[in-house]
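Encoded as structure tokens, the following chain is the form predicted alone, with no partner shown.
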Amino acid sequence: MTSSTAQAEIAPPSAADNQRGVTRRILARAWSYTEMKLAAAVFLLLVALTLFGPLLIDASATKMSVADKFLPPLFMEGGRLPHFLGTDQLGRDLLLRSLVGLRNAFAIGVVSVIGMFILGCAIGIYAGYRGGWVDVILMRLTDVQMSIPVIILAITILGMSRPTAVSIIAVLILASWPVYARVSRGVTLAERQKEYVRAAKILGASDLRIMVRHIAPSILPPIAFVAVLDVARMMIFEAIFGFIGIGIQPPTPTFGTIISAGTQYLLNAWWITIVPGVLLALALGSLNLMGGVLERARNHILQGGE
């Protein structure tokens, strides 16, 4: 190991360590709020239902049964097991279909946010650190991308072929990474002037190491609540795509396709739209509440609170 490398290894670990400490304090503060515990409990319950519910319900999410169509929920007259929350217009179990739809929405939302987080932060950190014409070009590309509505981009790309989960995730990442690029660039512009970055350069650390080891941890606190809220936003878009016919195609259940089909039977089979609607509302409400609490905790810590 060369002396410069050895020096780089012992170069200011306090920068990243300090950011980890701030993150831990923010999470601890957020967890002290009752709203955070309630939202986390609801969210974890929904995740558990999506994972284990389909294993416990003795029914099929895709198999049709004309004899069982329009069965009401179990608490209404005419309801029967195993269809706890009734069936749809083709006799498929509604609770099971809604849980599978929720699982698909969760998966698409989380994977999309991870992808846009990685892509956006990489572009934003590089642009902010390099500056000059690199920064100008990358930020102008970001502005162009931000000017394209998500729905227009989705119709253009997904409307040309049979949509799949992969193509939907790709569209969501392509449409939403600029937000992360903007936030990470702003943090990088502030961090690159600080003493610990200059010290790392003097000790021989490479630009890549400085960006990854010292600047990247600074991105997490301001962007964590954005990521949580974006999971909810991506779930909404996934439902919208399904509702207008450019989401995951039948027979795979999604919130959009279930609700869209159920709108034709609101008067005599309201549960077809209400059941997935309530599940979606609970999921979005818990995520939005957690994101809001994280932002409140972050503001409290950064203002000098304990």
Partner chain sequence: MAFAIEFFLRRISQGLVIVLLVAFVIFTLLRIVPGDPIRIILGPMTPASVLEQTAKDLGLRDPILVQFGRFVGQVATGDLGRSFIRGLQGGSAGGSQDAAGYNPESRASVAELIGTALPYSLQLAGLGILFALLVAVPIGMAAGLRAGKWPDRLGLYVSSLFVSLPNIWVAVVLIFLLSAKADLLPAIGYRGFSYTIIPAMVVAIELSPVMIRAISVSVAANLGEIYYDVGMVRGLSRWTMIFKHVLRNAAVPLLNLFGAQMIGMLLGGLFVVEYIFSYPGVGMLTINAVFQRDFPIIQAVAILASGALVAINMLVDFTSTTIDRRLKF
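Small disclaimer: the values here were computed from a predicted structure and weren't measured. Numbering follows the first chain given and starts at 1.
Note that the form predicted together with the partner chain isn't included here; everything after this is about it.
The contact residue chosen from 156, 89, 164, 206 relative to the partner chain in the model of the complex is 156, the criterion being a non-hydrogen atom within 4.5 angstroms. The partner chain in the model of the complex comes within 4.5 Å of a heavy atom belonging to residue 296. For residue 193, no non-hydrogen atom is located within 4.5 Å of the partner chain in the model of the complex, even though that partner is not displayed.
Among residues of the shown chain, residue 274 is one whose heavy atoms approach the partner chain to within 4.5 Å in the model of the complex. Contact between residue 43 and the partner chain in the model of the complex is not found at the 4.5 Å heavy atom cutoff. Only one of 185-193, 127-135, 108-116, 156-164 places residue heavy atoms within 4.5 angstroms of the partner chain in the model of the complex, namely 156-164. Site residues 152, 236 and 281 are all in contact with the partner chain in the model of the complex, judged by any heavy atom within 4.5 Å. If you take 242-277 and check each residue for a heavy atom within 4.5 Å of the partner chain in the model of the complex, you get 243, 244, 246, 256, 259, 263, 266, 267, 270, 273, 274, 277, in sequence order.
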